[in-house]
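A single chain comes next, written as structure tokens; it is the form predicted on its own.
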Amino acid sequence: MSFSYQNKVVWITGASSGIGEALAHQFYAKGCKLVLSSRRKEELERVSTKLSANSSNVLILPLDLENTSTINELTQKVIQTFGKIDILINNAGFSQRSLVKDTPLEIDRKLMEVNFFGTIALTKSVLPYMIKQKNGHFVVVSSIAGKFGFYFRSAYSASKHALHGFFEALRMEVFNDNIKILMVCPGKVKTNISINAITGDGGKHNVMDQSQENGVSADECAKQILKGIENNKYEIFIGGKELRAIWIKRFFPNLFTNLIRKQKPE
């Protein structure tokens, strides 16, 4: 039986820009009902307007993953509105550009709080509903930084590594409940992630990394994510030549260490 997105309820975090916004357009075009979440309500409204959205098919739900106290209420609102949650896209998060020696512990904690704890808090809130309906799909936007560390990204990389451990364990636990999990590992995607990356003093990096500028488009990334969902993939890698580092590290770890050390930090 062919896969159909028609009338599936898809909750996207980080939906106000970049990969999340691109996913909103592609899911909506396939007939999905959307829940759009991020911290910026006005940007979510902009995305909804660009969709030419039927207001009954799109729910705007502002959410800050650093504050998880209202997550269960938000989940209940989705259920009250649409009656189910078919796909949760855990896409929200932010990156980092600071050396370990220059990064206060509170910055490390902030990255972990949003990228890891916020993500699993939302997942745990949605999980009982998916178990009850005996169906669901968690999509987790990690990074190739979830496979190896790199300059200036110590806590960011740690937060992405943690997601892999958590969701790989969850995948085994919910297999018999017909709940699927897709780990998405983008390399360089042309979004504002480097501009919005946090520095050691808590400010924004405010620089578009050259490699990011030359990365694949957010639309292409979203297209590959949908394809991964349709084909029930466990893990996908999206990007260009930078993806070769994953395979080199797996099969030739010593060579990987020597090569990655020579890469230009940015």
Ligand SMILES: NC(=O)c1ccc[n+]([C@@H]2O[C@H](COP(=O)([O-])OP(=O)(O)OC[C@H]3O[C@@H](n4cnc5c(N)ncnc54)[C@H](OP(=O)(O)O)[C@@H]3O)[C@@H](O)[C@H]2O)c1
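Position 1 is the first residue in the sequence shown; the rest follow in order. Keep in mind the model is a prediction, meaning the values are calculated, not measured.
Beyond the structure shown, there is the form predicted together with the named molecule, which is absent from this document and is the topic of what follows.
Heavy atoms of residue 24 never reach within 4.5 Å of the named molecule in the predicted complex, leaving it off the interface. A residue is said to contact a partner when one of its heavy atoms sits within 4.5 Å of a partner heavy atom; residue 196 meets this definition for the named molecule in the predicted complex.
The named molecule is not shown here, but in the predicted complex it comes within 4.5 Å of a heavy atom of residue 63. In the predicted complex, no heavy atom of residue 155 sits within 4.5 Å of the named molecule. Proximity to the named molecule in the predicted complex, taken as heavy atoms within 4.5 Å, picks out 137 to 145 from the listed stretches 80 to 88, 100 to 108, 170 to 178, 137 to 145. Here the marked residues 15, 39 and 114 all reach the named molecule in the predicted complex, each with a heavy atom within 4.5 angstroms.
Contacts between stretch 172 to 205 and the named molecule, counted in the predicted complex as any heavy atom lying within 4.5 Å, involve 186, 187, 188, 189, 191, 192, 193, 196, listed in sequence order.
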